[in-house]
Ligand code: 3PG
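As a starting point, one isolated chain is supplied in structure tokens, in the form predicted alone.
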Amino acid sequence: MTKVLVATEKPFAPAAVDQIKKIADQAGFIVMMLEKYTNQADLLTVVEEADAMIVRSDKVDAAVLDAAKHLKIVVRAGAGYDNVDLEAATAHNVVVMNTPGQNSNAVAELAIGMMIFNARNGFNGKAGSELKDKKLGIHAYGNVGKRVADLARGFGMEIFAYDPFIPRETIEADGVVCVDSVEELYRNSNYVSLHIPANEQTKQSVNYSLLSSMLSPAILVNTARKEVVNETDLMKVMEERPDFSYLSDIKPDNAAELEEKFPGRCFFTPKKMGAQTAEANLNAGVAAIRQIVAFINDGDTTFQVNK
């Protein structure tokens, strides 16, 4: 009988766990729960029995894969999957999947919410500004970027997007201006919303040249990964430009220094909050177990990311 391990240091909501168990039971699978664990040794012990595994931001590295003698599939409940060692998984013949689109609305609403919070000076009682007629650049037009555009359109923002992997006609069909380069995106934007993954091509790529070219006022919104922003360059731009703000749901390594030097011009959520809604939590968990059932029973690899 297939054993599915749900290993979540940050647990799913009870409603999501109930649905995961219900779908697994209907498929004849057994669910093993490991929640709020603080020691990787606990994970290494229980993963030995697992045929399949659902994680959130939990690390699935070579040590975990070495211990998982029966593991066939790992599903990361969410879009990003940099917490899973894809190379090691492939070497162990383990399929890795994500659940794209399940958290998109939650992340997009957070991005827009942080823009409003910043525009209204953190609701401190002083006059702020409006999003209407401001120029928004969307850096990567995937599921989240597209949803940000949908929401921003309702605020009357002028929207630009850059994504070399999305056809121009797809972007323009949404009423979004498709620009030809990342440089063009930044120099035409008051707001830039980041949705790029963290990989060898993107890490540290949001640099001084891009940030310093933004229109005034300039607001960088990061609901992606902290590694994509060059924090030294960010600091330099914020020192040179009093009109520049940084908003993120991933605290940068220099968060304390930024907050001390630029009060009111940076905001960081206490932890990564993009997918922290009841709806996203449920959607991602349900998608993960359904993908496992489809893979085990039918060999469906639609969402495989380590091909």
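The first residue of the sequence shown is number 1, and the count goes up from there. Computed from a prediction, not measured in an experiment: that's the story for all the values here.
Not on display, but discussed next: the form predicted together with this ligand.
- This ligand is not drawn, but in the predicted complex it has no heavy atom within 4.5 Å of K22.
- When contacts are judged by a 4.5 Å heavy atom cut-off, R241 does not count as touching this ligand in the predicted complex.
- At a distance threshold of 4.5 angstroms between non-hydrogen atoms, S193 is out of contact with this ligand in the predicted complex.
- When this ligand is considered in the predicted complex, R76 lines it closely, a heavy atom lying within 4.5 Å.
- The stretch in contact with this ligand in the predicted complex, judged by heavy atoms within 4.5 Å, is 271 to 279, chosen from 62 to 70, 26 to 34, 253 to 261, 271 to 279.
- Checking H92, R153, R225, R120 against this ligand in the predicted complex, a heavy atom within 4.5 Å turns up for just one residue: R225.
- Along 39 to 72, a non-hydrogen atom within 4.5 Å of this ligand in the predicted complex is carried by R56, S57, in order along the sequence.
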